[in-house]
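In structure tokens, one chain follows: the form predicted on its own.
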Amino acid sequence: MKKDLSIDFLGVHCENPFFLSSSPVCNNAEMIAKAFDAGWAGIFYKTVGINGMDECSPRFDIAAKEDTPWTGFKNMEQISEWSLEQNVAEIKKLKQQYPTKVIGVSIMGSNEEEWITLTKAVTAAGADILELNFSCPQMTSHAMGSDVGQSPELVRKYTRAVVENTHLPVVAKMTPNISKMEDPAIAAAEGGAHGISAINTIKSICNIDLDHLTGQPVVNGKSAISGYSGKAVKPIALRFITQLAQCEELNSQQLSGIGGIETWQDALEFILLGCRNVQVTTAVMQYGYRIVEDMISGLSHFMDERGVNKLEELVGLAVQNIIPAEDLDRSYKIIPEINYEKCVGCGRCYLSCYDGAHQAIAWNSQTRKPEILVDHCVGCHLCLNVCPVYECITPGHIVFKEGRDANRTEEDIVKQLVYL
């Protein structure tokens, strides 16, 4: 099934919200052509600098858990290895071959003069959008990347230099290696940016090599701190996107979401938090360009089932439902229920509740089945989250805390759980 997934981002019409992010997956025209043919609406071309980068080998590592191939991905690669002239030629070729696709180009300079040179060159090459990389965490120069992105003054200065030298919409890409992303984002807006993209990778060390006594990957006996991406960073990305969406000073900024997007559900979560566009890298490195087919199909089916005609209708629907912790309703608890027809008697829920929660599950040694002790249960739902059987443990009935019902019924609470 295909629905109309088109949406405008910064005045640029996109056939769907799915873009490749600035990274190894969109390094040249040949690669990007294959991605466009698979169905991606646009790309943010791998960050263009004045000169090509000198890279190390190897430069990738992964974080895994049990039988999961990747929970996260560590990347020591910098911006494009090609010169400005080589990248300009590739961008021109792409725009000629795919005039209806959206060519966003990421750029990064080390001083104001370089930012202006890059801006003029990429604008002339036919780019549709400029993305300012204030966020790469593994640059060999402190005058570039996330070190710049942590300085609102430099973000404001370089954004203004770019905006004054192009007619294109400008997006500032934020670093998550900061406690309050709103500060550099506001500085970018003050410099004239039209949109904000987030997040870039998180500074990390995935693993320690126990033979070489250094981090991985090992480069001639040494390693370095560098960027972490993949499914594991999605919760952090959603947190930052929410804070940007709720910031009054950024109300005029359109958002592009990045971080751990592998499926249509992941993409939809970013859209519901205010993003008009989502960017993907690590999932493509793991599964290839054709994952976009599943994203398009899945989102189309969701919209059809919910009676949504245009993607625009979904943008930002969840933002108002993310509230300060002190405003959460703490007047009731939801007691889980166990479906004994599905229960395999593994004991995971009992073990986790007894050792890690509130000792609210008893183990029946005769039936080899768990039993929830309602009087002890606080409704934390750890059992539900550790159970390996789909829908074996589910949210059950609602119990109001003593004196806290305020004339409400269980049905009143359930109605509030339906958002669309």
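One-based numbering along the sequence shown. Predicted model only: the values in this text are computed from it and were never measured.
This next part talks about the form predicted in complex with a small molecule, which is not shown.
> If contact means any heavy atom within 4.5 Å, which of 184-192, 244-252, 225-233, 161-169 contacts the small molecule in the predicted complex?
Flagged stretch: 225-233.
> From the list G274, G109, P217, G260, which entry has a heavy atom within 4.5 Å of the small molecule in the predicted complex?
Partner contact (heavy atom, 4.5 Å) among the options: G260.
> Classify L94 as contacting or not contacting the small molecule in the predicted complex by the rule of any non-hydrogen atom within 4.5 angstroms, answering yes or no.
Close contact is absent here: in the predicted complex, L94 is far from the small molecule, nothing within 4.5 Å, heavy atoms only.
> Does N177 reach the small molecule in the predicted complex, with heavy atoms at most 4.5 Å apart?
It does not: once the small molecule is placed as it appears in the predicted complex, N177 has no heavy atom within 4.5 Å of it.
> If we define contact as a non-hydrogen atom of the residue within 4.5 angstroms of the partner, is N75 a contact of the small molecule in the predicted complex?
Looking in the predicted complex, residue contacts with the small molecule include N75, since a heavy atom lies within 4.5 Å.
> Just checking whether M285 would be counted as a contact of the small molecule in the predicted complex - the rule being heavy atoms within 4.5 angstroms.
It does: once the small molecule is placed as it appears in the predicted complex, M285 has a heavy atom within 4.5 Å of it.
> In the predicted complex, does each residue in the set N16, K101 and S256 place a non-hydrogen atom within 4.5 angstroms of the small molecule?
Answer is no for this spot.
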